[in-house]
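Given as structure tokens, the chain that follows is alone and in the form predicted on its own.
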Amino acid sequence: MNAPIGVLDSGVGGLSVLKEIKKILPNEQLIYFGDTANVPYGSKSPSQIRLFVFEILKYLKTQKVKAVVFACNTSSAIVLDKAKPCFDFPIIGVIKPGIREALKIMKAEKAGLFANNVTVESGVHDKLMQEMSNGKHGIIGKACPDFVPLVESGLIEGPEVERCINKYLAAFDNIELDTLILGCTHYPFLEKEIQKACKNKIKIINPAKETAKELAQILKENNLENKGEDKKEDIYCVSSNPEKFKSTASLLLNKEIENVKLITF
């Protein structure tokens, strides 16, 4: 089926998911929507986040998408279950795929979670991990509000990034962990630096990779794959400041991004 796949996030973080989708589904056209007017979602109320995400979903529906990925942990935690019954295309989030991967490898009782305030406070990661492990495992979350501004500005390495990572890792100093889930799609752009700070003691889980695999499976099960039809160019949409997005996205994706549309509601 030659129809686009929507990928939404509060800013540039969801590009980490887009990168993984493009690796395993190279024939698919993607419409990426970064809600740059309202980034970061982690500082917004749940009712505000629901409003923002539903407006984006309505827009993506006008673009005749065949599926949508919430490339954002906050919207996955707050909006996903409410959105699914309201639209006639599959919608998947990034939380369950990451927890599923963590459970495959973790031996400690608890996994660590780096996320934003809203996601940590929602407790959804801990709830899902307990459900999926029959109560054997849980999550200890740490809010990392400084990570998103760093990535949004294109700063993904260097002394400032290292200091920030070490500050947040200190929350786990007296806790036995062997697994750390990156609970915000901005954070995989810092994955190399986070792994360096953890040395080899902790395995970093990037849910973007598992989310892309789940999307591929859903397309196959629903006969929605693009089976050789001409692929159209990917489209990038933002709710404000397209030039800034173009610059940062080009840096993060290591390729020049040209087609950026400004969409306001």
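Owing to the predicted nature of the structure, the values given are computational and were not obtained by experimental measurement. The numbering used is simple: start at 1 and walk along the sequence shown.
Below: the form predicted in complex with a small molecule, not depicted.
With the small molecule omitted here, the record of contacts in the predicted complex names 39-47 of 39-47, 61-69, 235-243, 201-209, defined by a heavy atom within 4.5 Å.
Contact between Cys184 and the small molecule in the predicted complex is found at the 4.5 Å heavy atom cutoff.
For Leu190, no non-hydrogen atom is located within 4.5 Å of the small molecule in the predicted complex, even though that partner is not displayed. Val120 falls outside the set of residues with a heavy atom inside 4.5 Å of the small molecule in the predicted complex. In the predicted complex, at least one heavy atom of Val148 sits within 4.5 Å of the small molecule.
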